[in-house]
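Take a look at this single chain in structure tokens; it is the form predicted on its own.
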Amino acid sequence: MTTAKYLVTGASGQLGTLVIADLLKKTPAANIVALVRRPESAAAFEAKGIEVRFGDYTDPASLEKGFRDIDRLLLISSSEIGQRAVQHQNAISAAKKAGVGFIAYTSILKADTSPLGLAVEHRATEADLAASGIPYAFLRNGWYTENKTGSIDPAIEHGAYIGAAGDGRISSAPRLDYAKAAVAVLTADAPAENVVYELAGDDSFSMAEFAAAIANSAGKPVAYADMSEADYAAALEGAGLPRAFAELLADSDAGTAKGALEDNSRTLSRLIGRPTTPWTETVASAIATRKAA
């Protein structure tokens, strides 16, 4: 058990919450700091004895104050696509001024070569972090299985899971597995410095296989309907998504068809000390939860 002081940005988010929960298994609450933007997010952490600090990626002064006396920082990427490179640079600069000793950053799988539009800001942040002089680890997270299970309801309703991924394969794992990997890197007795971890699920699937798994668990017919990138973006926009976001999702599917989300290194399972959670298990769990609702 280490005595370092850890800080997790975006602590109240979906990934951050899981990271904090796992950190509590590895180190006392007194060693953990949760950085949040909103006061209403504080109570749940404070009830566990975790110090809460307030900071915003758009407010460098708040970040510098929040990062003081922190040994190891988990920089969870911002959700504000298009603004992330500047926001992350704010965090890196603040961490340098505050004397943070190590930063683990949640990037994207194969960030340096990925064709995904999502990778552009991650590449910029990786370059900024490498130039900062702060020892770092790039946690290049692959797809969360939840990214795909989130569309189960309309797939069952319409009997089709639409996309533009072709036969591309996705090596996904649930957020919990990625959270555990982040904690493993952060809490190592001596974290490996200036390293890259390509993190992905042990097993991969095509979207046709994913749709078949939904059908099997739901007991209803669901098939994968492959579309062009443009038609998929239009369908998403027609379903109510903002155009920019719809185009980003369609771009990610097009990148999937090119192999951007497949990885067979099993680095994730080695970090967490067990096989990654099978994607079929996450699908079945999501459908069971749906049926129970």
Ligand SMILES: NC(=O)c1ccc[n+]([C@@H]2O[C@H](COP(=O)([O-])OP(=O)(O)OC[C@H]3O[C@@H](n4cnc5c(N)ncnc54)[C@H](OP(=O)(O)O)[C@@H]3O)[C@@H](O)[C@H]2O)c1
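Since this is a predicted model, take the numbers as computed values, not measurements. The first residue of the sequence shown is number 1, and the count goes up from there.
Keep in mind that the form predicted in complex with the named molecule is not shown, yet the notes after this line are about it.
Closest heavy atom of Gly201 to the named molecule in the predicted complex, within 4.5 Å or not?
Contact with the named molecule, no.
May I ask you to check whether Phe210 falls inside a 4.5 Å heavy atom distance of the named molecule in the predicted complex?
Output for Phe210 is no: heavy atoms all beyond 4.5 Å of the named molecule.
Would Val222 count as touching the named molecule in the predicted complex under a 4.5 Å heavy atom rule?
Taking the distances in the predicted complex, the answer for Val222 is no, it never comes within 4.5 Å of the named molecule.
Within a 4.5 Å heavy atom cut-off, is Ser78 in contact with the named molecule in the predicted complex?
Because a heavy atom of Ser78 falls inside 4.5 Å of the named molecule in the predicted complex, the answer is yes.
Would you mind picking out the stretch of 52-60, 250-258, 233-241, 25-33 that comes within 4.5 angstroms of the named molecule in the predicted complex, counting non-hydrogen atoms?
That would be 52-60.
Let me know the one among Lys96, Arg123, Arg169, Arg84 whose heavy atoms come within 4.5 Å of the named molecule in the predicted complex, would you?
After the contact test, the surviving option is Arg84.
Can you name the residues of 128-165 that have a heavy atom within 4.5 Å of the named molecule in the predicted complex?
Going through 128-165 in order - heavy atoms within 4.5 Å of the named molecule in the predicted complex - the hits are Asn141, Gly142, Trp143, Tyr144, Asn147.
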